[in-house]
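Before any questions on binding or motion, here is one chain by itself as C-alpha cells, the form predicted alone.
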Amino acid sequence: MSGSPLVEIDKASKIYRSPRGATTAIADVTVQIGDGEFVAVVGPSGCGKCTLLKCVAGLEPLSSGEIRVRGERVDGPPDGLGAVFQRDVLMDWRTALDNVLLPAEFLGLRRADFLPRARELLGLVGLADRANSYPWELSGGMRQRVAIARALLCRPVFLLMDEPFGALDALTRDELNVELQRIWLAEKNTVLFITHGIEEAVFLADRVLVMDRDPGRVALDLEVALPRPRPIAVRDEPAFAAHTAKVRAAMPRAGASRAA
C-alpha cells in the first residue's frame, strides 16, 4: 500500500453474546487499505470475513478497537459507500436501468441528473442493449452486472463486495472476474472483496488477507505481485500458482479446500 490509507482497521474485535455464552467472531484485526486499492479477504466459513465486512460497513458495532474511513470513525454506514452482495436483490418490477437508478432515488436526488451515469454504467458492464429488460429476462451473470452498476451509480469512494459471484457457475464467475477487474481499472474505487475462492482472490486483488478462525484473525497479508490487466490465462502461470500456494499454506488449521 502506498500513500495515506483510506480505511484503517485498528485492533478490531467483535464478540457476540447470548444466553449460551460468548463467541469471538474477530479478534485484534489491524489492517490498512489504501485509496484505490483492491483487497480480497479469503478464509473458511466461520473465520469472521462477513463480520469484518459488516463492521467496516457500519452495520455492526465493534466490541473493541476502531475502524476509520477517510479519518472518520465508523459508527454507521460511512458516506461514499457502495455494496454488492451474493444475491443481486434487484426489484423484479423495475427495468435494469431503473434498478441502477435506485440509489439516487433512495437519497432523494433528481433521477434526470443520474440518467447519463446509469446508461454509461450499463455500457461499462456490457448491458447497454438490456437497459429496458426486467431482471427475470436476464441471466444470473447479467443480474450481477446490473447490481455492480447500481453500486457504482453515486461514484462510491469505497466498495464492499460480499461473495458477489458465489452463486454463479464457474464459467460465468471467471467471466465476471475479468469484467470486474476491467471495471475497477476504469473506476479505481477502493474495494474490499469477500470470497471463499483462493484463485478468485489472487486473480482480482492487489493484496489478499487470509483469515483463520477460532477466533477470526488475519493470518497473512499477501501482496499480489502480478501485472495488470490479468487475463484468465494468468492462472496457468507459475507465479500465480506460487501466490495461491502461499494463501493455502496460511490456512492449515482451517482445513481449507484444495479447490479454489
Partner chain sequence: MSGGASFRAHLVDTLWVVGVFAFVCAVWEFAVKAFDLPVFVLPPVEDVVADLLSAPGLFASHALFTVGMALAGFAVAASVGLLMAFAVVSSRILDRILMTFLALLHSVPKVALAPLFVIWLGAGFEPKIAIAAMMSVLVIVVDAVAGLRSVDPEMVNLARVYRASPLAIMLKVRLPAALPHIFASWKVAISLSLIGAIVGEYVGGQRGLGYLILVSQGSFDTPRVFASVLLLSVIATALYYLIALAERMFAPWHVSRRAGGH
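Please read these numbers as outputs of a predicted model, since none were measured by experiment. Numbering follows the first chain given and starts at 1. The term rigid core refers to the maximal set of C-alpha atoms that superpose within 1.5 Å between the two forms.
Below, we turn to the form predicted in complex with its partner chain, even though it does not appear here.
- Contact with its partner chain in the model of the complex, defined as any heavy atom within 4.5 Å, is confined among 115-123, 186-194, 171-179, 89-97 to 89-97.
- Only one of L222, V234, L59, A219 lies close to its partner chain in the model of the complex, with a heavy atom inside 4.5 Å, and it is L59.
- Note on the partner interface in the model of the complex: the residue among R230, R207, R68, K54 having a heavy atom within 4.5 angstroms of its partner chain is K54.
- Residue contact check for P164: none of its heavy atoms lie within 4.5 Å of its partner chain in the model of the complex.
- Taking the partner from elsewhere, R150 is found to have a heavy atom lying within 4.5 Å of its partner chain in the model of the complex.
- Interface residue remark: G141 is not counted as part of the site for its partner chain in the model of the complex, having no heavy atom within 4.5 Å.
- Taking the partner from elsewhere, L107 is found to have a heavy atom lying within 4.5 Å of its partner chain in the model of the complex.
- Not one of P5, I9 and G36 places a heavy atom within 4.5 Å of its partner chain in the model of the complex.
- Contacts of stretch 55-91 with its partner chain in the model of the complex, defined by any heavy atom lying within 4.5 Å, are made by G58, L59, P77, P78, D79, L81, G82, A83, F85, R87, V89, L90, M91, listed in sequence order.
- Relative to the superposed core, V178 undergoes a C-alpha shift smaller than 2 Å between the shown form and the other one.
- With the core held fixed between the shown form and the other one, D75 has its Cα displaced by under 2 Å.
- In comparison with the shown form, the Cα-Cα distance of T172 and Q86 increases by at least 3 angstroms in the model of the complex.
- Compared with the form shown here, the Cα atoms of N177 and S139 move at least 3 Å farther apart in the model of the complex.
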